[in-house]
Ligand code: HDD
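The data below hold one chain only, encoded as structure tokens and taken in the form predicted on its own.
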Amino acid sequence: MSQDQNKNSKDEQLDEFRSDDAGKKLTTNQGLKVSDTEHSLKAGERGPTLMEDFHFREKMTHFDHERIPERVVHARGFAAHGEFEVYENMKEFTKAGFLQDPSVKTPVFVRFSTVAGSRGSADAVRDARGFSTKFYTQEGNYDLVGNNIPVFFIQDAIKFPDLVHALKPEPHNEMPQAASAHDTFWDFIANNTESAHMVMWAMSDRAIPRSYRMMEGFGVHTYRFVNEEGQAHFVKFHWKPKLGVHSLVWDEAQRLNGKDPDFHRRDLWESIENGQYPEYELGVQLIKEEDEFKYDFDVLDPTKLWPEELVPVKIVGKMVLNRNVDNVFAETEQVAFHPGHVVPGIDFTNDPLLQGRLFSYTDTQLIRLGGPNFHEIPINRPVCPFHNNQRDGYNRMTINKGPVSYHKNSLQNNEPSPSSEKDGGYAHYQEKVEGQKVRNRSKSFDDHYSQAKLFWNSMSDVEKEHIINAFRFELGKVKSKDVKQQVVNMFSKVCTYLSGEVAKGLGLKVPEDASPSTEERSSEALSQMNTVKTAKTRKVGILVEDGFHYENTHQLIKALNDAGAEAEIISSSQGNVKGGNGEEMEVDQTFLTCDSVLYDGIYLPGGKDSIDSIQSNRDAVIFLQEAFGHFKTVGACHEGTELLSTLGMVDSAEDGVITLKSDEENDNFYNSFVDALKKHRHWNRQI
């Protein structure tokens, strides 16, 4: 198949199912033209509705059944289409077809999500995020079902129902929604210490990403790559965002949940609509089979990561998300991911959490999507043909001919024939397995604290402070003092400074007999301070009123556009706002319809009349103060610099406050503002 054919095959397949009712005649679902859909059929104008009104019953029945059960976890999600291309032939490690030819673009569908909340919850909550990718390959669908955190709370899937029951709203009052700051969650953590490493990530800035476009993705589990010769490597998958890994600050996230609960999905949708396509590079960590026991962690333990300093990430390809969905329900809600959807060259390991997921995902889709035919829903259909003698079931779309529906028959000779491994047939890796039947866990899974300490060691001082405050906030919502003390005692085994600071903030006892982890290593890859920093796709709010300095505003907008950033004009009312030179600009937002939390930076042009109006506008002043308090870049020119000074915003490039006092400094000012915007936050204000 050619590159263009492979790229378009999924879109062409979906074309058959796309519908646009514009200009069409109204019909029933059976194709019967309808003469009236405003009034039900009655016995007289004021009489009862008649049972024979088939159009009313069809319309109402469909409405009554429009909702399907939401996912137990990952219910709140948003998705997009795209394509993936490998950089180099990976045949040395795997025979997976989509990882062989750099000239082939494989269609993908990616769903991002929160974990704990329902479909109606907000985006910017403290939570892990799902990052699941469906590759529509010529060998069948491959699903890389992951999260934005590389480890998980538990080591064995049998505990997953317990974790989720503890994390979800407490059943007696159905609170809190989409939050882990409550008793049952922290009671679970205190009594299941294998969760220590994951909790450190969840209390870090990683749990409140700035954007789906600016968060990493991880396969979490250890899988196998298998090449044509049958040689295997253990493999972990990484998605690395080209825009870097960036987060919100906690106060900003809380405000966003009120100002725009759809912040993350809106950000993704608008970026794609504007042609600012999110890009991620696929990386793999590889360990030879013979090196399985080389490290001080078990490679099969899902609560452990492989430090990149020990096992480097090899970048092997790129994914671009370039098309929004046509219908959220038909695509985003009906897509069915499953870690068991694999292709030749990718296999499983004995990770006990992964093993359980291989059962759970199919079981989940059966109840959500109405039976065993969920693979026939357009978004789930592979681009390659599929043939078997399966029949019937809810929502069957395939029309099978003939009387025979079983394998090996002589009546019809219609059974599809199996393919050999050389012919592309999937063959499981032949791993030797033996042992007693036991309900137990390997002793190599027993270390619950070393990597939690590794994560702590890797954080900057600012990130450590955020983790401490996150613990204080979460545990501050817990009613049981005993549970709070248990958690403090538990994390004293990670770091006594951490547990001591948390204890002081909560008025709890600092453990005196703590024996913290002796782990001294750190990993630069774990700190967001070491990520990519760019101004691309960043959004700047420009605060203006009539009389603003038009030329300085125009020049900044040009500098932002040249850097791949964008600007929005914000004023007290919609329409046009007039500059001091008589030129006008269109207002994008008002102080009533937006908020500083929706922007990455703020700019205040000069112009005496404009600044006087802004200074007397309480909403505008709060706008500036919040942006400064959230460590964002703030810029001003001429009279605007005086307002910043009045508000206590010191003119300091190190603090991200960039000012222009004379037109002679123009060029340097605009470059400095863009450079400051690239840094994402200016933590000097916090230290």
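No experiment lies behind these values; they were computed from the predicted model shown. For every residue, the number given is its place in the sequence shown, counted from 1.
Not on display, but discussed next: the form predicted together with the ligand.
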K259, H182, R71, K105 - the one with a heavy atom within 4.5 Å of the ligand in the predicted bound form: R71
One residue of H549, H246, H238, H221 in contact with the ligand, assessed in the predicted bound form (non-hydrogen atom, 4.5 angstroms): H221
Looking in the predicted bound form, is the ligand within 4.5 Å of a heavy atom from each of N147, F152 and Y361? yes
In terms of non-hydrogen atoms within 4.5 angstroms, which of the given stretches 568-576, 352-360, 480-488, 260-268 touches the ligand in the predicted bound form? 352-360
Give a yes/no on whether F160 approaches the ligand to within 4.5 Å in the predicted bound form, heavy atoms considered. yes
Interface membership of G117, the ligand in the predicted bound form, 4.5 Å heavy atom rule: no
Considering non-hydrogen atoms and a 4.5 Å limit, does the ligand approach F131 in the predicted bound form? yes
Taking the ligand as it sits in the predicted bound form, is R111 in contact with it (heavy atom to heavy atom, 4.5 Å or less)? yes
Check each residue of 450-486 against the ligand in the predicted bound form and list those with a heavy atom within 4.5 Å, in sequence order. none
